[in-house]
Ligand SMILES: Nc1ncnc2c1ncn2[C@@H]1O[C@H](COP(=O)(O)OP(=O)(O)O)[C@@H](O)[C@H]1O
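Presented as structure tokens, the chain that follows is alone, the form predicted alone.
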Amino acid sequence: MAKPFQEGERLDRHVESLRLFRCEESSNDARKVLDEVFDRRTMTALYKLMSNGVIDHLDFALATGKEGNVFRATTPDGDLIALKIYRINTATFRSIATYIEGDPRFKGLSGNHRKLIYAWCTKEFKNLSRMVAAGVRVPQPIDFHENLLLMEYLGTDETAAPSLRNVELTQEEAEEFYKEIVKFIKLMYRKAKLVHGDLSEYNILVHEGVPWIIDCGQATLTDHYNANELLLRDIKNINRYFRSLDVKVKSDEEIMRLVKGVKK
């Protein structure tokens, strides 16, 4: 097994190559974003995952979100997995504040950004686990450590699965996707006791010809004071998008009743 300092040097090289890659392909802000992602504590956490044989190396960046960045990683056995790194900064804290207000699971953490982000990472792992158990198609959660979340990779050897908004569907496919996503909203609510809270064509990937729900960290419990508002927003977003694809959608109210099991 490689010594810790060798793992550190190897990871430093991977991170630097990612910085260079992102800077060349996008904007001048890319390096700043990656510098925020790979702070010293995060690097130490990555060293631990490498030393423990969980990951061997990072391959490339997959996505940049409001709270963190997602990378493809390779395990020592050659398997491909996704690594989500939550950024530890004020902007990340502000972006999740809406979802933690009134949530007893975050009581006492509001003044400590780092502990809050660690709890948020744990929350996404648990949300994914509950959704998998409920039959919702989401990436299988693998493990988490501090602000690092490991989960199933969706994509091919060459590229990650595209988001729904970047996939051209036939009319038949669009209608089938709509039915399945509405079913997922129902399963989340009734079986997982969760509301996604940020569902749209941006947070749905198309992998192997079917839709997958992603970015589940903000999902709230159905008894959260804001759950109804978030559920309605999810429904409106999905109806808006599929209506633009000429799918005959159900009314927002009808889906709300369907999801909750309420008779008209």
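Don't overthink the numbering: it's just position in the shown sequence, from 1. The structure displayed is predicted, hence computed values, not measured ones.
Another form exists, predicted together with this ligand; not displayed. Remarks below refer to it.
This ligand is not drawn, but in the predicted bound form it has a heavy atom within 4.5 Å of Y202. Contact check for V70: a heavy atom falls within 4.5 Å of this ligand in the predicted bound form. D234 falls outside the set of residues with a heavy atom inside 4.5 Å of this ligand in the predicted bound form. The closest non-hydrogen atom of D143 lies beyond 4.5 Å of this ligand in the predicted bound form. Residue heavy atoms within 4.5 Å of this ligand in the predicted bound form occur in exactly one stretch of 59 to 67, 220 to 228, 42 to 50, 234 to 242, and that stretch is 59 to 67. M151 is the sole member of M151, A174, I185, L148 with a non-hydrogen atom within 4.5 Å of this ligand in the predicted bound form. Checking L164, I88, M131, A82 for any heavy atom within 4.5 Å of this ligand in the predicted bound form turns up a single hit: A82.
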